[in-house]
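Only one chain is shown below, in C-alpha cells, and it's the form predicted alone.
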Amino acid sequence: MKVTLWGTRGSLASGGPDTVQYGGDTAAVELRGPAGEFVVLDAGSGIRPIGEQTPSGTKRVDILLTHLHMDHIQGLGFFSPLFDPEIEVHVWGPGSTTLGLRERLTRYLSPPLFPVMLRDLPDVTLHEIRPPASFALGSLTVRAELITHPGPTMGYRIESPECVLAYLPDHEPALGVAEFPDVPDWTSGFELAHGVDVLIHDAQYTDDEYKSRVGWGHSTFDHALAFAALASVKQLVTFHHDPGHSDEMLDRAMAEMSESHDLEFELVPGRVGLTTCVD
C-alpha cells in the first residue's frame, strides 16, 4: 500500500511562497492498494492534481470523505475522473440526522455554488456510511467510526496485508477531558488508531491558539503526540496545518516536538508529496 499526501492544509487553502514545502492545498490523500485499488481520502483542493495524473485505463476510483466541511469537499467538482464515463467513481461519506449524503453533497454540486449538478455526472455512485461500519475495497478493509469534530465526522482505519493506516484529519480527542490523554476506552478515535503503522492526524494549533478555539474540532501539536503515544502507533504524520502557519513556523514546531518529547514512534512532518506506508 502506497499513501501520498497531496493536500495537507486545514480550513482554507493557503498557497504562496511561505507554504511551498508543507503545501497550500486542503485535505486530499492518495492511496494505492496492493491489488491496484485507487482510493482518495477526502476531496479538498488537493484532489485536483490527483485527478490530472490518473493513469490511462483506470476503471474505478473510491473517494472516502471524513465529513462535508468545505475544505474537505471543495475540490470534488474539479476531480477529472468524475467527468469520464469510462471510470466508475464511488463516493463514500456520512449523512446527517436530517439529510442523506446525496442531499448534502447536492448543496455544493449545484448552482449557485457550482455550475454542474451532481445528478449530471456520468458514473458516480454514492455510499452513505452509517458508522460504526466496516467494508471491503478490493483487498483493503476499511473501518469507519465517528470521532470528535463538529458535524457528523468519521475517521478511517484502512488495512492491507502490508500496512495499517489510520486517517483522522479533523479530530479533537482532548475536548472535555481534564487531563489529556484519558483512559483509552474513553478517548475518541482510539480504536481506529490503536497499533497502526501510520497515523495521519490533525495537528492544527499551538497551545496558545487552542485556548481560544476549544470545541472547534482540532488538536494541538502536543495533543497529536499524546494521542499517538496512547494509541501505540509506529509513525505519526502531522496533518491539517493551519492556513496561517508558514513552512518556517512548522519546521520550528516539528523540531521542538522532537526535542522536547521522548517519542516512542517516528514523527514525520506532513508535507505535500510525502509518501508513506511503503516498504
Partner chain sequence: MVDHVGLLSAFGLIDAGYRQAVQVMEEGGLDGSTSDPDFLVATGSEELRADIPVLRHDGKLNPNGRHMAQQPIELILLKQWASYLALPVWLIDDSGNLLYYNEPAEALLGVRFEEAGEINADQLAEHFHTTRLDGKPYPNAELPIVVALVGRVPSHDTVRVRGLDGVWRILAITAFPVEGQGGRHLGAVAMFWETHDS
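As the structure is a computational prediction, the values presented were derived from the model and not from experiment. Positions refer to the first chain, counted from 1.
Separately, the form predicted in complex with its partner chain exists; it is not shown, and the next lines address it.
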- Message: Only one of L82, L165, I147, I73 gets a heavy atom within 4.5 Å of its partner chain in the model of the complex. Which one?
- Response: I147
- Tell me, please, which stretch of 105-113, 198-206, 73-81, 118-126 lies within 4.5 angstroms of its partner chain in the model of the complex when heavy atoms are compared? 118-126
- Query: Would P181 count as touching its partner chain in the model of the complex under a 4.5 Å heavy atom rule?
  - Reply: no
- Message: Can you tell me if P161 lies within 4.5 angstroms of its partner chain in the model of the complex, counting non-hydrogen atoms only?
- Response: no
- Message: I'd like to check something about E88: if you look in the model of the complex, is any of its heavy atoms closer than or equal to 4.5 Å to a heavy atom of its partner chain?
- Response: no
- Task: Tell me, yes or no, whether L137 is in contact with its partner chain in the model of the complex, where a contact means a heavy atom of each within 4.5 Å.
- Result: no
- Item | Three-residue site R130, A133 and T187 fully in contact with its partner chain in the model of the complex at 4.5 Å by heavy atom | yes
- Residues from 6-21 in contact with its partner chain (non-hydrogen atom within 4.5 Å) in the model of the complex: none
